[in-house]
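Quick setup: one chain, the form predicted on its own, written in structure tokens, and binding and motion questions come after.
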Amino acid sequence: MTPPQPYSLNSRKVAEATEEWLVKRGITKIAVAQLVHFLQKDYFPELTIDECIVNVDAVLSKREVQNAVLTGIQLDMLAEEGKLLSPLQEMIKNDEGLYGCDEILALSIVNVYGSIGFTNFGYIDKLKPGILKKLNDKSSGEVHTFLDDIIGAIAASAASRIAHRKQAEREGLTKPPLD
């Protein structure tokens, strides 16, 4: 009998699953890039959606972000299917106001990108523009308790990345921070 193979994570599979699950939940990179543009357009009027997409892709390439996306979507789906135990089932399904674990998971993304990401996250989470408004609409029967915060955090992180890179460009630095 051969010994069992040790666990080995396939990074490509994790990245592919992240993209696949976002698409299945109705999230496009353009929708996230529009949030990034919303956050940065007043500071960088020349900023394009294409540049925002590049930065969204960079954020999504981080393992910490992929882990948060996969975890949050799975919890939302389980709540949508009624497969969690009470009272967690009701808290997630109804996006209970005192349940803050969804924001904490999203902050694990933002923490990779510094204080600008953190303040952008709070701002966009409060306003809920673009795709965030749709994700917060409870009338569809879909549960996005985690996903709305995760998408806000990805957008906030990409906006922070842009701000840091633009500052590095102004200063003539060859290697921008927060890659």
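Note that this is a predicted model, so its numbers are computed, not measured. When you see a residue number, it is the position in the sequence shown, counting from 1.
Beyond what is shown, the protein has a form predicted in complex with a further copy of the same chain; the following relates to that form.
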Exercise for the section: Decide whether residue 116 counts as a contact residue for a further copy of the same chain in the model of the complex under a heavy atom distance cut-off of 4.5 Å. Expected result: yes
Exercise for the section: With heavy atoms only and a cut-off of 4.5 Å, decide whether residue 62 touches a further copy of the same chain in the model of the complex. Expected result: yes
Practice task
Report yes if any heavy atom of residue 120 sits within 4.5 Å of a heavy atom of a further copy of the same chain in the model of the complex; otherwise report no.
Solution key: yes
Exercise for the section: May I ask you to check whether residue 70 falls inside a 4.5 Å heavy atom distance of a further copy of the same chain in the model of the complex? Expected result: yes
Exercise for the section: Decide if the three candidate residues 101, 108 and 127 all line a further copy of the same chain in the model of the complex, where lining means a heavy atom within 4.5 Å. Expected result: yes
Practice task
For the heavy atom contacts within 4.5 Å of a further copy of the same chain in the model of the complex, list the residues of 60-96 involved, in sequence order.
Solution key: 61, 62, 63, 64, 67, 68, 70, 71, 74, 75, 77, 78, 84, 85, 86, 87, 88, 90, 91, 94, 96
